[in-house]
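Alright, here's a single protein chain in two forms, structure 1 and structure 2, each given by itself as structure tokens.
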Structure 1
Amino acid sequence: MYSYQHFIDYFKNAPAIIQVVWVMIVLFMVIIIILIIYLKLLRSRLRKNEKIVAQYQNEYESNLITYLYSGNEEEEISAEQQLIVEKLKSCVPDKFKRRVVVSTLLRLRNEISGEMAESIQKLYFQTGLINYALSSLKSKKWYVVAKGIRELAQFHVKEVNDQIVIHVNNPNKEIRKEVQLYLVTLFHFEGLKFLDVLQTQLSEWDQIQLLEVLQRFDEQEIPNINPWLKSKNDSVVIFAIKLAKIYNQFEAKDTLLDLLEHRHKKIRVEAIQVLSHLQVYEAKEVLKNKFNELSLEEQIAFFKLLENVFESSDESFLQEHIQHKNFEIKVSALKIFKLLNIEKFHSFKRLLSAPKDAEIIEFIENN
């Protein structure tokens, strides 16, 4: 009691700054104690939820396996399967249980294939889970819509294509991404038709993801990419150029040549690069005739193209640029000369007297 009173007296007589410090110490101690209690309760709750989830997962997984192996050829759905369908139907209205059912179905679907995978998809319809996914498409919350589209893609539900494609120009980029992945995952190259109506930008990451999905499929008939190369949406044009390069679309060369006059430099440069990859000789003459009008990036890309399509008639043009101020252009010109006219290449040792130039020529000679 005496100590407590002594502290009170000390606190009252202490300077204001000391009083503030003590108040802050007590306040922080109270906050820390409250946080510790909260974290313990939260941890306990999470552990409890994990046990409940594990319990439901085991139960549902057991039911699903029974469903898959209890069918017979005589009936479309056996009596035992129907009981499991009804049991799962009763769980679906509960949001928590529905989430566990969906995750369990997806895990099994990823582990099996063929007729059994089709049975799981059929069960997805029979239990009414699809109705909840479809209702999420009408939500005002973007993450609910995106999750619904992703779920429909994971269960390969092609029948709702019309309800998905209306979101192709949705203001939210996550929704647009899920729409694009849904279309390409389920319909492959045919799914790229959304590019015809896409008004928003197709980001670099979106393009990478789409190409990654497309490359999983073999022996696919690639659609005509010319309309996309002519699109008013520059990101669609860039994506189409990548398709032309990856899938060697030589039949699109005339449209690619037209892109050499495109208003955006990035597209002109990428067009040159794919024309180089396809070894389109016509591009060489077009670019060579207006070389001085090109930007430096275009000039560098042109010389890379020239490395693939050079001819003896290019010798005088190359000689004009062996002393170009740009290192990459100079190296390209000398590399081509080495292949075109080795004697003249060696004569450049006297012409290019700068130490750096001599090093470049020596490097090219030995490689």
Structure 2
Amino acid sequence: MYSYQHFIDYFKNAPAIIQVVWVMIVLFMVIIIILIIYLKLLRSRLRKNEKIVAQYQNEYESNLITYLYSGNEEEEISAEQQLIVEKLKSCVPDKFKRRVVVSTLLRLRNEISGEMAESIQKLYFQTGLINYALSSLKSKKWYVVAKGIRELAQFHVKEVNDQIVIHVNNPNKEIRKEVQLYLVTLFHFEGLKFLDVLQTQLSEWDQIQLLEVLQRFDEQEIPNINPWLKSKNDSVVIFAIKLAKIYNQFEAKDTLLDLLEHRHKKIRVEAIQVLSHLQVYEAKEVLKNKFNELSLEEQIAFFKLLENVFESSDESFLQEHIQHKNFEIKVSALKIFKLLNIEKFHSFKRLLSAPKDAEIIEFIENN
């Protein structure tokens, strides 16, 4: 016991800071040992979970397939189906099992359509899974709400529309995103009505996702986009411009022309691009007349538009700009010239003799 006593004495007589250091050493060692043991447990739990998930998934997968193939015409639900419903029902109160059941159903729900898809949805109701999704809407945790909405969208539960629309202007970005996806997935263009009341900005990511969902449907009957093009919410305007482009909304031409005066530069540029896509000749005259007041981005976009809608009357305007210091504008102008008046184009060879310009002319000549 001598050394132990010795150490106690040493510790007592050491300065405070050394005492602190020794206390921390012991503390750290204890923490490290605890963490090492915990890491061991954690890793084996993760490994085990992976195995269990795979096992449950296999089981539920074959349950699901049996369910889908054991229906018959006469009964609403066959005895065999009833058995599976009961079995799954007993699994869903367990959070871990529920997650696997839901993901198994979804893996199939997302990939198939027709009668079988409807059967899967029926199973979703019969097993009571829907109640868990609905109760998650009332959760205080944003990700639980968002996940719940997503699940309801994936299972096409249209009936709970009212409970979901109230979240359109939810302060949480992720919840809003799921609400929008829910509406558009289930109600297609009709679901876009949320744009009328949206107070927050629709991010580029959200817009792309919505457009991708919309593109999955065959219907091309799109609602009147004019009100959205006039929206006070700039992101809604940008989104509407994208709709105009993808669905060739020539009817919205006049509103699009008005957007050339919008206070937001990005919107002006995008408006030029869509007018170019729709080949609106009126846009050309408007922009040509105020070309020098435009920002560089608008000028570049305008020249792209010109490539689509040029006429021989544009020749003098183009000639003014073949010396433009912006590369893209110069290339555009020369490209159009080549198509418009090949002789004049050749005459530029003398005019633009700087090596860089010669390179551009040569390239356009050959391509």
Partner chain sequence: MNTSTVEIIILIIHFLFFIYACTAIASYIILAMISSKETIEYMKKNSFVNYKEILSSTISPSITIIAPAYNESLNIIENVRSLLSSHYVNYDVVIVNDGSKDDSLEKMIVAYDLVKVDFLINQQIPTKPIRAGVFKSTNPAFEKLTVVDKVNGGKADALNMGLNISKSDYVACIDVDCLLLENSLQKMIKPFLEVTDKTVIATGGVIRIANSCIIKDGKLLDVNFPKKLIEKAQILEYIRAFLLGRMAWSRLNGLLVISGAFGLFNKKVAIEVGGYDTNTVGEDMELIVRMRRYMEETKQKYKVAYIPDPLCWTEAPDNYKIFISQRNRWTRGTIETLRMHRKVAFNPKYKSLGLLSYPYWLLYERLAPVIEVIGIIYFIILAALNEVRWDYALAFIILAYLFAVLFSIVAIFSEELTYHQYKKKGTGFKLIMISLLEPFVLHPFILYAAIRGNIDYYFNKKKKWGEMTRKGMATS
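The shown structure was predicted, so the numbers you read here are calculated from the model rather than taken from an experiment. Counting starts at 1 with the first residue of structure 1 and goes up one by one along its sequence. Whichever C-alpha set is largest while still superposing within 1.5 Å between the two forms counts as the rigid core.
Structure 2, rather than structure 1, originates from the form predicted together with the partner chain. With the core superposed, N341 shows a C-alpha displacement below 2 Å between structures 1 and 2. N110: CA moves 2 Å or more between structures 1 and 2 after rigid-core fitting. The two forms, fitted on the rigid core, differ between structures 1 and 2 by less than 2 Å at the CA of W228. Core-superposed comparison between structures 1 and 2: Q19 shows a Cα shift of 9.6 Å.
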